[in-house]
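Presented as structure tokens, the chain that follows is alone, the form predicted on its own.
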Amino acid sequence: MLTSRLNRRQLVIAGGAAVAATPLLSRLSVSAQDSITVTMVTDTAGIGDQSFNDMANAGGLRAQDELGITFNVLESQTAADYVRNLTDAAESSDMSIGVGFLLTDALAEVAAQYPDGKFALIDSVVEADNVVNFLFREQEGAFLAGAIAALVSKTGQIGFVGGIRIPPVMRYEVGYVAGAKSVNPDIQIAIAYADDFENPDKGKELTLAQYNNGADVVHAAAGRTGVGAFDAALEKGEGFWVIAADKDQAHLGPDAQLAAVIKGIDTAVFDGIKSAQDGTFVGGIHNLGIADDGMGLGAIHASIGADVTDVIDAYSAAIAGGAIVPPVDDDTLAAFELVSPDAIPAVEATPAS
């Protein structure tokens, strides 16, 4: 379980089932904390992407404030910067953090060159003793996003705009489709990819095309490109919704955001840093979902009533309890058995703390 939970006031439910959760990292208290240096390397979307780089940065800044560590950020301008930046980080820091699937190969190369260094990787896996990997079950939060989109849509048409179809984004896509079709098997879902995480104009163009073809809810999982989805919704006006990915983005359009799939990147970064500082660091894989408070659906617009949120709560509890297992790729989506709102398995929820 994440040492520092997602803000439950922002979540409809974040781990509702009465299942035992293995601690994410040791919670051993440390009486005398060492001052360590941590350097985070972004992908090319960089700080200000309104998405996963910003969330990772927030986790590092929190560690700086609460743990007294020194936190640095190296922003990558091109993919060619990944190895160089990670090497610089390894040379100058006690822990180096790579943010995003696109840094996988570079981090594998650098971690092998610095076997005594400590590394963390977000959204991918490098199997090495000196690398702690944080994966997220995006499909679980996205399933809830698809369900709320289908429940709210007045046109029976919704959309999905992705950045690049790498595994984390694909999990968003197929989870969204499974959730929407569980609520309404006949719903029409438009899917488009920008092949870019850094192009808000392209995000706006793709989202407007979906709205103009009848969609009234679009889930954008596209990094900075997803900012353009809000521009499109604001241009279209009332009745056109965006579901954000990774974090609450309501500041981009308070009356345009239907909800946000909230992903615990910031808490994973914080806990990874804490483990390096307090001596509990262990390489391996942490795969976090609703049951671990690593994913959730939150920031639901105030206009959405209990008739909708009660269904989302029930789906979330069933996923947390393992009664519903959302798909992770095209094959598991094709084999997925839809679960209608009136057939959601009953799972006892754990009261929110």
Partner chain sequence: MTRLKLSSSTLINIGGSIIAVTIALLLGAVVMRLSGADPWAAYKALWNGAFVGKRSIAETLIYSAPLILAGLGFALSMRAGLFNIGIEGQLIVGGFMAALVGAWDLGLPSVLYVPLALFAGAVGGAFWGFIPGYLKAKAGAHEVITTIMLNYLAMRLITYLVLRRDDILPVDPTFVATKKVVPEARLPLLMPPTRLHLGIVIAIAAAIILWYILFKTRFGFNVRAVGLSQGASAYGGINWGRTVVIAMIIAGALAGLAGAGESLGLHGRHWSAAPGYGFTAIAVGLVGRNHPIGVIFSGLLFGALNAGGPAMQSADVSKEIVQLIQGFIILAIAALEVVNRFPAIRSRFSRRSAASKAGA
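Note that this is a predicted model, so its numbers are computed, not measured. Numbering follows the first chain given and starts at 1.
Separately, the form predicted together with the partner chain exists; it is not shown, and the next lines address it.
Is residue 250 close enough to the partner chain in the predicted bound form to count, meaning some heavy atom within 4.5 Å? Close contact is absent here: in the predicted bound form, residue 250 is far from the partner chain, nothing within 4.5 Å, heavy atoms only.
Even though the partner chain is not shown here, does residue 79 get within 4.5 Å of it in the predicted bound form, heavy atoms only? Judged by the heavy-atom cut-off of 4.5 Å, residue 79 is in contact with the partner chain in the predicted bound form.
Give a yes or no for residue 184: in the predicted bound form, does one of its heavy atoms lie within 4.5 Å of a heavy atom belonging to the partner chain? Outside the cut-off, so no.
Verify the contact flag for residue 281: yes if a non-hydrogen atom of it lies within 4.5 Å of a non-hydrogen atom of the partner chain in the predicted bound form, no if not. Answer no; every heavy atom of residue 281 is more than 4.5 Å from the partner chain in the predicted bound form.
Identify which of 255, 129, 91, 235 has a heavy atom within 4.5 Å of the partner chain in the predicted bound form; exactly one of them does. Of the listed residues, the single hit is 91.
Any chance 75, 102 and 195 all have a heavy atom within 4.5 Å of the partner chain in the predicted bound form? Yes: each residue has a heavy atom within 4.5 Å of the partner.
Spot the stretch among 270-278, 164-172, 257-265, 217-225 with residues whose non-hydrogen atoms come within 4.5 Å of the partner chain in the predicted bound form. It is the stretch 164-172.
For a quick check, can you give me the residues of 81-97 that have a heavy atom within 4.5 Å of the partner chain in the predicted bound form? Stretch hits, in order: 81, 83, 84, 85, 87, 88, 91.
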